[in-house]
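One chain follows as structure tokens, the form predicted alone.
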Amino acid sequence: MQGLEYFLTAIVSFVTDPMALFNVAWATLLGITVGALPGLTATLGIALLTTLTFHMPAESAILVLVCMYVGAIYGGSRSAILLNIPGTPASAATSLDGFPLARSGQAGRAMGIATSGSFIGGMIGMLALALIAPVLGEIALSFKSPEFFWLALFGILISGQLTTTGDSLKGWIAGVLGLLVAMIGQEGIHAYQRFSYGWTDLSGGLALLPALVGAFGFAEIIGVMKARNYETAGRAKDRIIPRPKEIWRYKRTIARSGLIGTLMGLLPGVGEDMGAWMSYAAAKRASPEKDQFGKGAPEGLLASETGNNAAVPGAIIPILTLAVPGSAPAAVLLAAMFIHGIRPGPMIMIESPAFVFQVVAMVFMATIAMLVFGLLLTKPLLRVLSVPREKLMPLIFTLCTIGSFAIAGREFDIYVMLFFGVTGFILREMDYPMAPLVLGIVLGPLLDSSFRRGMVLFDGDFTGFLIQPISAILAAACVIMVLASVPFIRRPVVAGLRRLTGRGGADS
């Protein structure tokens, strides 16, 4: 009941504050625009906007960033439907059925369905945030150094496995590269310099935001300029606001996709794109019209958009309770919280319980704004898709450069941004995912300090990391995940399960 009181108080404070309403409006609209433009991502939008919020009050800054986050994930569906080019990676599954609908002259209907799914998914995720965060916060109070070490390692492993379409090894290599980058600079216990080689700029470590802006911003610029030009499939000339019965028809798909998306958001480093793909796959498997998927099925479009937007609040849950990001955009949001003096983690439900429900209220306000803009301003917003990329990309590069420099006023951060941009582009060309790399940079200090602190507490005896129930479960999950990815171990197990399943079916 106290949580509900905090939530209602936050809603009233936002609704009665004209400046808060203004911030919700412009940040959500900007997020939708950023998400709709191919080549820009939610991560880049939040990173660039973070550099502009330094002088804002902490609550206003987080409100603006949450609205940007929600708006950008939704905005990616615009270009996915009209151009068959996802504006963000989270909208890749949306293009499978959204673009065929647009090609058949139903662009307005497709965008209305996508908007409805995004709104419902956001609300499901918001409820999960309100219900799960306090419980997870209490559980997190029992976490000590071994548990945080295994949690960080588990996050990198599962992110590397789920964000690669083929070999999990590439995802794990990207995660290890992120961990190595996080080791540069002074370590957290004795301030001993590592891998700085006498270079003063490296002794403080590599800043997170310039690295993220480079990996997701400059790398995207290079990739977009390399790609071929795109053409619009069609404009929204039909009905945009869907009929309620059309949405109600797929209520089970919506509920399933909302739960799957929230779960994918909860898993460290997995994020919105996996929420969309897993929801889409589950909907296709359960649908009696599975042959229509990929040809313009409203159910597939609804599933993907519900899943990726439910993952947004889901990814915020581990940020608040564990200080572990659920996705790449959430990693930037976590960094912004630290910049503004907010300390998420296990103690937040004791020190600042009201802030958790303020974030729930922020998600609620952003989701409402997303619905309003999505239904009423669809046609005007589509004009941004006609901006030539030759004019857009230099502007984005300028923002990347200014944003990287503005964080600390160091020219060195611009070089960090350029380095990670070129490196990120090369890794993408070789099919290495970026999410594990980013998660490695974010979780590196947590993993390092937890391991070294635990070794001090246990007098160098690593078995201390395995004797507690939670740490033992997390350690077992890490080992099983690695073993399950080894082909000569996975194949016999899968074959045995298939034989067992077939035998069971025959007996019944």
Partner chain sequence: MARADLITSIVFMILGLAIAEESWRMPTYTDVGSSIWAAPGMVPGLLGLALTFMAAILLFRSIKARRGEGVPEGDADDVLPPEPGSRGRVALTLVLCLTYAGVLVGNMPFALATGLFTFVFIMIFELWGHPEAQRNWLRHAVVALIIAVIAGWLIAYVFSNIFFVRLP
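Keep in mind that what you see is a predicted model, and the values were worked out from it rather than measured. Residue numbers count along the first chain shown, from 1. Just so we're on the same page, rigid core means the largest C-alpha set that superposes within 1.5 Å between forms.
Note that the form predicted in complex with the partner chain isn't included here; everything after this is about it.
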| query | in the model of the complex, which of 271-279, 411-419, 355-363, 118-126 comes within 4.5 Å of the partner chain (heavy atoms)? | reply | 411-419
| note | Checked 251, 285, 245, 391 for heavy atoms within 4.5 Å of the partner chain in the model of the complex; positive is 391
| Position in contact with the partner chain when the complex is considered in the model of the complex, options 441, 27, 474, 34, heavy atoms within 4.5 Å | 34
| query | Taking heavy atoms only, is residue 460 within 4.5 angstroms of the partner chain in the model of the complex? | reply | yes
| said: Given that the partner chain is not shown alongside this chain, does residue 448 nevertheless sit within 4.5 Å of it in the model of the complex, heavy atom to heavy atom? | reply: yes
| task | May I ask you to state whether residue 150 is within 4.5 Å of the partner chain in the model of the complex, using heavy atom distances? | result | no
| 4.5 Å heavy atom contact, residue 170 and the partner chain in the model of the complex | yes
| field | Joint contact, 8, 20 and 379 to the partner chain in the model of the complex, by non-hydrogen atom at 4.5 Å | value | no
| request: Scan 414-439 and note down the residues that get a heavy atom within 4.5 Å of the partner chain in the model of the complex; none is a fine answer too. | output: 414, 415, 418, 422, 425, 427, 429, 430, 431, 432
| field | Did residue 249 shift 2 Å or more between the shown form and the other one, C-alpha, core superposed | value | no
| query | Does the distance between the two CA positions of residue 446 reach 2 Å or more between the shown form and the other one, the core being superposed? | reply | yes
| Threshold 2 Å Cα movement between the shown form and the other one at residue 214, rigid core reference | yes
| Given that the distance between the C-alpha atoms of residue 427 and residue 83 changes by 3 Å or more in the model of the complex, do they end up closer or farther than here? | closer
| message | What direction does the residue 275-residue 441 Cα distance move in the model of the complex compared with the shown chain, closer or farther, given a change of 3 Å or more? | response | closer
